[in-house]
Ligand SMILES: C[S@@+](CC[C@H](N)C(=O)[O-])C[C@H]1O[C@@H](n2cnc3c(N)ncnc32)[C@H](O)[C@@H]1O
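Below sits a lone chain in structure tokens, taken as the form predicted on its own.
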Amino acid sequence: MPKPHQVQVVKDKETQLREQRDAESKRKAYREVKEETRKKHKSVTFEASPTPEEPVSDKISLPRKRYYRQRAHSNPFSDHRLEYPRSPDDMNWEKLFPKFYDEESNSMTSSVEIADIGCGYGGLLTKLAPEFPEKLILGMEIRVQVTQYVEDRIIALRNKHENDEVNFQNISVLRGNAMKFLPNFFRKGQLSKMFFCFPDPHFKQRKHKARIITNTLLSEYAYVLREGGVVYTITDVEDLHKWMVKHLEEHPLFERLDEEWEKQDKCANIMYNSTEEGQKVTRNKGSKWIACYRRLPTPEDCV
């Protein structure tokens, strides 16, 4: 039986503008509530779920992504007015990982070992947390509202699982530009794993210099990555995959790990399935390309 003909309602421009303003006002009110929640439950200065009508309570709900609208990518060369330490010694990690701070010794009991560069909406962070409960895992994200979403997500998870064995106290996020300031946060050889999941492909050739994997940047990654540490890359853009492989192969401090290693490594499997972007690629029946590289020992003549 044929479906009845549906009359399409065409809204006039004034109605469309009014609806857009109402939607933006609702998003703004929602984020203001979440910002107050952040101020109440953490001491770190970040860049903000109950709905705008709901009061802030001890029970914190997970944030709703539709209230954190943001462009898919950001220009890493722009002035984003970022805050960053002058050196790793100036970084106050207590604010990000308060449960790993010892007040008696006035120092952290552990250092960040795993970094998710361009962490997006935090899917990888939340999946890695239970796998490495004693290791600190940091997500770095340059987009303001995406960072806010991950902050609110972590606060909600910490609140919900406060008394559980996996309490998500070992993951955190900060807004930062890894292409400019990575050595400001991490000491030489501090990291054991670095993840680059579905980075901006920068399709135009004149934009290739803005890609997250370049010869110059790989030297910085090698500086903060300890010998034997691993760089994980995944993308759904074959051209970008080939670009990253080419530059990693050419760098003297990285050696590719074979497919058999990738199949057996739990982090590679988590990375393949856990990120929001990766799940979208799976839903759309797209392809994913993985390449993992081990950090080689620094030659003696370079020490």
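Just so we're clear, the structure is a prediction, and the values are computed from it rather than from any experiment. Start at 1 with the first residue shown and count on from there.
Beyond the structure shown, there is the form predicted in complex with the named molecule, which is absent from this document and is the topic of what follows.
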Exactly one of 259, 276, 249, 239 has a non-hydrogen atom within 4.5 Å of the named molecule in the model of the complex; which residue is it? 276
Note which of 179, 213, 224, 129 lies within 4.5 Å of the named molecule in the model of the complex, where distance is taken over heavy atoms; exactly one does. 179
Residue 151 near the named molecule in the model of the complex, any heavy atom under 4.5 Å? no
With the cut-off set at 4.5 Å between non-hydrogen atoms, does residue 115 touch the named molecule in the model of the complex? no
So, in the model of the complex, is residue 97 in contact with the named molecule at a 4.5 angstroms heavy atom limit? no
Please run the contact check for residue 158 against the named molecule in the model of the complex: heavy atoms, 4.5 angstroms, yes or no? no
Location of the named molecule contact in the model of the complex, chosen stretch of 129 to 137, 89 to 97, 163 to 171, 193 to 201 [non-hydrogen atom, 4.5 Å]: 193 to 201
Going by the named molecule in the model of the complex, which residues of 120 to 145 come within 4.5 Å of it through any heavy atom? 120, 140, 141, 142, 143
